[in-house]
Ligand SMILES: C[S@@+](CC[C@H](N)C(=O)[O-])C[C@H]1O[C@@H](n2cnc3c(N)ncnc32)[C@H](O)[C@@H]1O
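Just the one chain here, laid out as structure tokens, in the form predicted on its own.
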């Protein structure tokens, strides 16, 4: 298999006049098993017609092309579910179909989420040949006891083999871990962090375990780790990774600027993207300023400037750099300073939870620990 999109080097004059990234998200909802903490839409179906599903995805791509033909694709992201279950030749088919329609940035980021339980020894080489240039590996824990607790169907030994395969195959890569697991200590998490850093991944995504309503964990009465211990783990994580060249650029993501996830930054910065597949969604802002929220299958709904403003506030504050006020105005048509609750802003600033400058609004280190509360106060009237 060889990935050679025909339009990779063709200049797109329309795209040259746009200054914003554009991404395409491909959602694959199928998994080998359902993790007990997962509240995302996913299904366990061992026998499915992958070819037929991909053909439907291509029809969705064709539909959205009519609304986004002037865009230049800067990122493609295969998420899930477990998209590493997709046959590599079908991944290649989607990538090449996108390249035949849209213009593709020469620096395009094409990511795929993979689980160690799908690694057959040749998977990652085949994915690279199909066009994937960034691999995100869902390890979640670096000990067998917690892997079993989290419902992962791979062992630590399998994870370490997959880590080796990923690092040898790709130049751009990421690893996911879950912390604040019940009964986890600060010491054990510190040891896990040290091991994670030692691998040499370019990017780390570290998520605090939360028990979401409707999940197996919630039904079984599993309790989250004590709040103060979890907060200390987060402080420890940010500090340790900062010292080891993994600065926080988003609340749960750590990497040098060169290896920040370009695709995920689309969401946090309010750029255009389309979502393909079950439970995928997108945001399209036309040149006339009209904003569409898109959902599967091919549904487009007008999004009010106020709803978009609220969404951008929550998403933008997740970033270490915070919200660029000029971009915010361009994305929703409402000045940030007129949208947020000014008395609440003054109070939060005095508490050193948020920094407000002429150009940006961003959280402090203390503010990241109570981000949701800050957003609620900034949105709600006094």
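The structure displayed is predicted, hence computed values, not measured ones. Numbering follows the first chain given and starts at 1.
Separately, the form predicted together with the named molecule exists; it is not shown, and the next lines address it.
In summary, the region of this chain contacting the named molecule in the predicted complex, judged by heavy atoms within 4.5 Å and restricted to 91-99, 202-210, 295-303, 275-283, corresponds to 202-210. Residue 37 is the only one of 339, 57, 37, 64 with a heavy atom lying within 4.5 Å of the named molecule in the predicted complex. Distance criterion of 4.5 Å from any heavy atom to the named molecule in the predicted complex singles out 113 from the list 113, 310, 119, 250. Against the named molecule in the predicted complex, the set 318, 367 and 373 makes no contact: no member has a heavy atom within 4.5 Å.
For the chain shown alone, residue 82 is a contact residue for the named molecule in the predicted complex, at least one non-hydrogen atom being within 4.5 angstroms. Although the partner is absent from this view, residue 193 stays clear of the named molecule in the predicted complex, with no non-hydrogen atom inside 4.5 angstroms. Although the partner is absent here, residue 176 lies within 4.5 Å of the named molecule in the predicted complex, judged by heavy atoms. Residue 140 belongs to the set of residues with a heavy atom inside 4.5 Å of the named molecule in the predicted complex.
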